[in-house]
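Next comes just one chain, in structure tokens: the form predicted on its own.
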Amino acid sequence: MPHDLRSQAASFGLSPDEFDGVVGALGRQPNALEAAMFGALWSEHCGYKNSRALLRRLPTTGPQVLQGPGENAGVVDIGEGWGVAFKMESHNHPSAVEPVQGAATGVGGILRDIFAMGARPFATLNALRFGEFDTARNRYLLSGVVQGIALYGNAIGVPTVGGEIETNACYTENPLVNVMALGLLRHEELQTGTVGAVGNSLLYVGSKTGRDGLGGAVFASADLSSASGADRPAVQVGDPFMEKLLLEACLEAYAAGLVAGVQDMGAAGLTSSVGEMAHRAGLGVDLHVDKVPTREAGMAPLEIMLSESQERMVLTAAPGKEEALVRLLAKWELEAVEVGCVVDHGRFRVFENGAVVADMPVPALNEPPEYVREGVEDPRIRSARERDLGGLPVPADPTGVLLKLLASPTIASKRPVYEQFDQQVMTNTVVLPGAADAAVMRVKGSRLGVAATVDCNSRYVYLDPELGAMHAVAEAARNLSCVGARPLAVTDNLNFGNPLNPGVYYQLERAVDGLARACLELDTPVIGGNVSLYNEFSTQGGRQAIHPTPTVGMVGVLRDVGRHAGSALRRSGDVLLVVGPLAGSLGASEYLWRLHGLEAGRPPELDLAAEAKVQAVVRGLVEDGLCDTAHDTSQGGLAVALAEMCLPATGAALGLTADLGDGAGARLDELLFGEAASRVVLALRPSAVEEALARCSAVGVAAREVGHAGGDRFTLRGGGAVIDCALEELRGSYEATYEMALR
């Protein structure tokens, strides 16, 4: 009964008012299939109804942009006729209830977005966040997610080249699993997700449709709860070997000119892929659901249209090319079935055995209502940010502090994680994960290199959403500059809580403003991304949002991949130079949390113009072959950055001796462990130091010699204190955390 269906609106992911909007769009009551299709495409995961208005504030254009937002992935020009497609996606809720398959299918899904653009995937990175590793559940989630990434990425033969891991109790129930993939293509190979023209055929290609992943888009757009274990069927099961066949077949079909448009069946399956392709073309489609290959007998049209089974694509073929396309796909042992056609009636019609079972206007289906809400800052967070930190005790044992910080999961070596991933398959990887501030890949047949990174300090964003988001962009660009790459563009993954909460909406709005400001200043337009809302956890006081986590994925280009920098010391006798401010601040720092148990204070100041100058100087020194060791100072400040430079991802450790002086009156902990933006440590041959200092001086960037590389000890003086310990002691703290967590 129509009235009963409205009372069930929530089960379709619709509010009662949204259900009434569907009635208005149709001019009648929807049936259950139509309500479910609207609910999926109007979900936050597909329709961005709470974020679309904010996302329009982001810069999206620039001469380097070949494809901006709105397609399966953005594409950026890297020169010499080459482009890089890249995008980041989340699999947060699936990973919370089934970490192995949740993470694995996250990898598979984002790879399909890349080769749907006509690009060959050549690298992935991961941004992962868990609760602290002192609980068995958090270690289980870490282990499962790492297994899932390895399961899919290793099997399909795409290397995992980098990433980040952060821990905080707020992620205990709701881990964040964000995956970024990159693909390489020639400009002329670019594909789009459109049905093309009237008369084109819709071909279903890949795995048969099952009941796995059913309702995934709606699941991803709702709060996790104690009952979420029952949503395990909403988690898909991946088959990387099938995806490999799809990848190769699709790339060959594009090259043969047999494909007019292509789209991955991702969130909301056939509903979103076909619906979005029709919407981009401004046309209608007739789809025969009884022709869709299914794994199980008796599947209802609703199940077929909403299934999120993995490894499926929709290809459109122009009249006369269907047979050749099917033959090509069969060569790859892929089942391809014509399930529909493109028509000019502007509607999405679904047929079953010749009868219409759903009939909806394409624009209404793809244009959900937009909500602009009023955000209000949580006064508890404002109070924490404004807390006076001046009365905190100064540590009596700075060596012990350094060892404790090196063991922090956010700082500690991720080597035990990286070792589970194939890092070098395809032979494009120039530096191994952990060996530099960003991943670096070669573009074979040219001197070009591609660099990529993923970054976000969620504590910064929690305490000051706008400034924290600016830091995420600045740090990503700094990491690229440290390897010698020019930052080009951004993809983002906005992980937030429930936007109906005014405090969360405030965080989202301010964070988007911060991303926009930094991307404009650093000339890194946002060319794609993903929004993941409703990430929450339970407390005694009720549901609470995770720390706002706008993860930034950024890609840059190296003119000569042979000239790149790593983060570890290379030669005894190299001079250590600190570029940027010497002393940092304690606000929002890792030191403050790990040593004093406080998430408080204001994140470090960030002058974007100064940041751009520091990055340009560092990048220029690397590009010109004057510097091959550069390391950004982030969590843990200068003491941690210098210690990390002594602990290479591979090879022998090399010590250093450095003296930071008195830091112009800064506290001991501010000088050693305080965090600051726009600060990089360089190690240069003595012959290059004068030129480096002159370049810094010419643009007004502070720089100073602080010591030199050499020996088998780490000796750091500053603020009247001395940290002096053997390298093996540093390594012991640095490497134990993940070895123990993954046992």
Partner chain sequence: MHVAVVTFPGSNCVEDATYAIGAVLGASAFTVWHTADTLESGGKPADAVVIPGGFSYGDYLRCGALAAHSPVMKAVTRFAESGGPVLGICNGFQVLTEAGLLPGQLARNAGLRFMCKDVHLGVARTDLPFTHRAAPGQVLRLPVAHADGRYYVGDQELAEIEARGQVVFRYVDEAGNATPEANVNGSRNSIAGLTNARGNVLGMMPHPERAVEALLGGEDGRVILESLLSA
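Positions refer to the first chain, counted from 1. Computed from a predicted model, the values in this text were never measured in an experiment.
Quick note: we don't show the form predicted in complex with its partner chain, though the next part is all about it.
Here the chain stands by itself, but in the model of the complex one stretch of 279-287, 76-84, 148-156, 185-193, 148-156, has heavy atoms within 4.5 Å of its partner chain. Interface residue among E509, D239, E98, D464, judged by heavy atoms within 4.5 Å of its partner chain in the model of the complex: D239. Residue in contact with its partner chain in the model of the complex (any heavy atom within 4.5 Å), chosen from A384, A169, V357, V425: V425. Put simply, E377 is far from its partner chain in the model of the complex: not one heavy atom of it is within 4.5 Å.
Mapping the unseen interface onto this chain, G655 falls outside it, with no heavy atom inside 4.5 Å of its partner chain in the model of the complex.
In the model of the complex, at least one heavy atom of E419 sits within 4.5 Å of a heavy atom of its partner chain. The closest heavy atom approach of F537 to its partner chain in the model of the complex falls outside 4.5 Å. Taking its partner chain as positioned in the model of the complex, the residues of 329-348 that bring a heavy atom within 4.5 Å of it are, in sequence order, K331, W332, E333.
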